[in-house]
Each structure stands twice: as C-alpha cells, then as structure tokens.
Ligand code: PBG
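There is one chain below, alone, in structure tokens, taken in the form predicted alone.
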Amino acid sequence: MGGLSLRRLRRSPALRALAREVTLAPDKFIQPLFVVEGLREREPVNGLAGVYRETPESLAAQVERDLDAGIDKFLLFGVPRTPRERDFDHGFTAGQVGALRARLGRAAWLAVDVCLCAHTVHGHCGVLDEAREHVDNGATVAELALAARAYAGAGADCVAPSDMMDGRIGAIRAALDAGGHEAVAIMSYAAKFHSGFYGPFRTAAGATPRGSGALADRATYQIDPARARDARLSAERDAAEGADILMVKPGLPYLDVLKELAASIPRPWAVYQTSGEQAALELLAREGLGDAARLQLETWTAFQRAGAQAIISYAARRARALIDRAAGG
C-alpha cells in the first residue's frame, strides 16, 4: 500500500530515538529543597517520595547526594523558626546559602525562593495593611527586595520571587544592582496561578494561608485560572523589569499557557511541577494505576515539548536514573 506511513518511524527503538523532537537531559532539572530552622531531625514530606524538611546538617548531605546523582541545580526554601508580622529576619536562609557555598563552592547552582509566606504569622505572601484586610503591595515589595539582597549577598546564584506582587521584579533588580550583585539572576514566578495543586508544599513550608474574607486564600494576588491573559501581561511586565528566566506554575494544568508564552516572549522558560502534581503521580503508581517512571518521564516530556528549558520537579534527583533507564543505559 502506497502513501504516507507514520508507523514506519515507530517500528524500532532506534528509529523512535532518532525521530524524537524532545530529548530530556539531567542538566535541565532543578530540585526544590526545604530547610527548617530549629528542626532536630529531617522529616519526610507527606505525598512526596524522597523529599524532606531538612535540618541545616541534613541539607548539605542531601545536596551532596544530589550532585552525585547528576543534579546540580537547586531551588531553596528556608523556613524560619519564628513567624512575624513584618520586619523579617532573613538571616537563617541566608546562612544556609552561605554554608552550602562554603562547603560546595560552585559545584551547585543555587536559586533561593523569595517570598514571605513561610515568614508570616498569617501564612500570606506579604505584609498586611493596618486594618489586616489585604496584602499591602508596596510594603511587601520593599521586604522582598531586602530578602533578595540578603540571599545574593550570601552567595545565591539566582533569586526567585514567587509572591505575585506588582512591581517586585523591578524593585528586586534595582536592589541587587545597588548592592553590587549585577550577576545574580532573577527567575520570576511570572505566571503563578491560584491553584489547588500546592497542598504538600504548604505543609512542608508551613505556608498555609490563615484568615477570612479576602485573606481566606491567595486569590487576590495569584492569577485566576479562568483568566489566562493575565499570565501574558504579568510575564511581559516581568521581562521588561529585568527578569532573566520566566516561570509557569503549576505545569500540567497550564501547558497551553506555557506553550503560548514560550513561543512569543524570548526569555528562557521554566515550569514548576508542583507538589500536588507530583503527589498525584505517586498516588497513581502506589495504587497500581500507572508506572511511576513512565508517568514521570511523560510529564517532563510534555513540559519540554510545550517550551520549557528548565523543569523544577520534586523528582529531579531521580531524573538521570530514569532517563538512563528509559534509554537502556
């Protein structure tokens, strides 16, 4: 029978490998890390296999194991001992950055999340107004700039603002440059949606919103899932203000957004496979409803196919082993 055969290129593993448009590589992955002040012993994060709330001592050992596993890029979340209302102390997280840098040199590329949700008594991503009715944008941005400068001064390669306040990228870029940190990159959570896929993370970081009315959740500052055009406006603004890398979060529910933005805004794009997404994959595998490795690789392939150059995943530390196994290596 003549005509086009689509199946011919699928006939053997060698042909399928040659014809692939997407090839996963470990150097595209970023592993999130949690470090908790005052914690005596590392604690597993419910729903996320192999992910822990680390002590300062266990954090360094875990990063060394990750380096041995082929992952050299990290996104650090620091959880201070004592939450506050304002005037936050970023010394604990900055200290962990400095300790990792002293121990590992430049073997690890280290980004630090810049947000206040783990620092506040109310669990929101910023400073509240005097009436405690909403998050004060200006006061929050000022605090975020201070945090970013502290992390850069401690040796961070990159700061990653995740708060979704207006104007924070410009303020952080100005603060970094004024502090002599022109080389420190900004990875902006440019398109972070008000999602239901953040559950395990909020437990790990102690960052669940506590309030009522407008403060019952983060709908007043994260993007409405039904208004995707705000993702474009936010990403364009962040790029204009100096963001070096732009991010979409969550990943799978917003592949359409990632594909559109990555094709039209010429910046490197990251995607965050959230804790809820990861926990769902692991639940499927645990219940015998899917193969863990296949599910993981398929989602990562979807991210890269949609335009992501970087993938933030709680399973990043397993990436090299999974990719090698799939390739028969």
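Just so you know, these numbers come straight off a predicted model, no measurement behind them. When you see a residue number, it is the position in the sequence shown, counting from 1.
The same protein also exists as the form predicted together with the ligand; that form is not shown, yet it is the one meant from here on.
- The stretch from 91 to 99, 226 to 234, 107 to 115, 141 to 149 that comes within 4.5 Å of the ligand in the predicted complex, counting heavy atoms only, is 107 to 115.
- Arg218 is the sole member of Arg173, Arg218, His181, Lys259 with a non-hydrogen atom within 4.5 Å of the ligand in the predicted complex.
- A residue is said to contact a partner when one of its heavy atoms sits within 4.5 Å of a partner heavy atom; Arg202 meets this definition for the ligand in the predicted complex.
- Using a 4.5 angstroms threshold between heavy atoms, Gln222 counts as touching the ligand in the predicted complex.
- Put simply, Gln31 is far from the ligand in the predicted complex: not one heavy atom of it is within 4.5 Å.
- His119 falls outside the set of residues with a heavy atom inside 4.5 Å of the ligand in the predicted complex.
- Residues of 70 to 90 that come within 4.5 Å of the ligand in the predicted complex, judged by any heavy atom, reduce to Phe77 alone.
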